[in-house]
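We give structure tokens for two forms of one protein chain below, kept apart as structure 1 and structure 2.
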Structure 1
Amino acid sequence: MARNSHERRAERQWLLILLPSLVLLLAFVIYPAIYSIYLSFTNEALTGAAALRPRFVGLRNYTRLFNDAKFWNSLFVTFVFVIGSAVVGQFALGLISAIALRRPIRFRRVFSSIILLPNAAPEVVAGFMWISMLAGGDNATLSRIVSTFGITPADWLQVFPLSMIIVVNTWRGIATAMILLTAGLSTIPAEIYEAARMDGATPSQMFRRITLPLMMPTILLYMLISAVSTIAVFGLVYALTRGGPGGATEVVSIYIYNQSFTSFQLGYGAAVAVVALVISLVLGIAYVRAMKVEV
């Protein structure tokens, strides 16, 4: 009886400790998500009659969405953006940085600082900084560099808009990838590499048969975090291109903003947001199944 009383007291203490986090989660994650789902079934708007008297419209927003070419374009742009910057760029450069910085190289702290520095700049600040480098005109940084090699200067955000935002987002995310992958590398016992060297394994063989398999849980976790966070990137792309030119960089977060606050169609924008949420959930479930863990 005394033991049960102790357990109940412990449960109440745990509940009190968790209560602030649960309240914040409810207020800033669960309630907005539920309210967005509700909005997606209405014609709620910021102007006009629908702003005064919003009506329930059923699946009309979703029917319109799946016949909207601009919505499909935003999904395609988001797919290329996630694959190019998160899956390929940040992962490859983060892994190379993590492996390189585990070795006794000169100026290691300087290289670490250079890689970590982009994370110190907010998205919008980083965006405006890159605009000064990629903008058109003879005085832009990149144009001045390429002109020394005889290449004609250009407005790089207009000529290669999607490639440029992939480069900038890769630059910002290398540090996160490097930190997570460094943690994964540190869990591999050095004795395994030593035994492989004694058996005559080459560095390439050790990477393919030891490093990659043992790091797979860390790599999958990184892919999950990176893919979902890249789908939600807004400030960086908005500062660089605002989704232009001609929708070439209109990722799904920009499309939601444009529909909600430029076209003033809150209900339709909420429907797009719900679809983006479902895609993120599907990605999360797929990664969790691949990791073979229970949540």
Structure 2
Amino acid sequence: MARNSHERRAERQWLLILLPSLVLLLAFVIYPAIYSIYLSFTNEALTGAAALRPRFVGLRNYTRLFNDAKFWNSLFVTFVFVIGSAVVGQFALGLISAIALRRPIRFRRVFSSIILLPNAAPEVVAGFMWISMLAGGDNATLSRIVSTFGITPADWLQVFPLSMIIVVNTWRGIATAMILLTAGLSTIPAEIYEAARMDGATPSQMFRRITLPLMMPTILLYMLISAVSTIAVFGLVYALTRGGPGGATEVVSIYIYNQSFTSFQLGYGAAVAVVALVISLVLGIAYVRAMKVEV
């Protein structure tokens, strides 16, 4: 009896000390998410007549969205951006780094520190660093490097904008991939490799038959985490190109920003935001299920 009343009091207290976090999350995340669904059915705007008297417009924002070439372009750009930087670039370089750093070589700490460094750079700083690297003119760093290989220099961000933001985002995220994949690699027992070596397996056979299959759960989790966080990238691309030239790097987050705060069309921006929220949530639910949360 005494224990029960103790426990009941304790349960009330747990809720009490969780309450401030709950209130903040409800007010500044859950409510805005729901509010954006409502906004997406109105013609809400920051300026003009609609700003004073917003009206309910039904599905008009969504039909407009469906016929908006710029919206489809931003979805496509986001897709290429996610595949190029998270699924291919960061994953490949992260995996290579993780495997190389497992060898008992010297300067391991130095190498891993340097690879972690880009992850620490604030978005705007990272953007400016790469504006310098990729600038036009023969003096820019990338141009000087490629011209030693006989390739003609270019104004990289103008000529290959999407490829370049993929390179920059890859640069920034190698560390995350490396850390996650290192953790995954360390769960594979060394005896399996020993046994395979005894049977005369080559390194590439071991990689394909042992490393990859056993790493699959980690790789899947990594793909979901990095896809979701790459969809959310804003500051880095904004500092580099602000979506240009001509929408070539206008990922969904930049498109939402431009619609809402440059064109001041909050209702339409909210409709785009709802699409982004749904895509992220679908990936997020897949992530939570794949993670098999045990609590």
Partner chain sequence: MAVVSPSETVNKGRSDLIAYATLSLISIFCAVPFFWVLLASLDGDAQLFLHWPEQWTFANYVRVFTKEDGAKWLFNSLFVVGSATLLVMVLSGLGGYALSRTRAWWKLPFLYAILLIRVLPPTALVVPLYKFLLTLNNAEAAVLRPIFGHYARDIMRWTGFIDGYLGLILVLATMQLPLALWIMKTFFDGLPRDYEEAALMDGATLIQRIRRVLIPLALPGLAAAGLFAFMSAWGDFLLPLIFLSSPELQTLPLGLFRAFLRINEIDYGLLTALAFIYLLPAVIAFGFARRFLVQTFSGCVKG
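Between two forms, the rigid core is defined as the largest C-alpha subset superposing within 1.5 Å. Fair warning: this is a prediction, and the values are worked out from it, not measured in the lab. The first residue in the sequence of structure 1 is number 1, and each one after it adds one.
### Task
Look at both copies of the chain and name the one that is the form predicted together with the partner chain.
Number 2 is right.
### Residue shift check between structures 1 and 2, rigid core fit, I34 Cα at least 2 Å
Comparing the forms between structures 1 and 2, which are aligned on their rigid core, I34 does not shift its C-alpha by 2 Å or more.
### Query
Core-aligned, what's the Cα displacement of L281 between structures 1 and 2 in Å?
Once the two forms are fitted on their core, the shift reads 2.6 Å.
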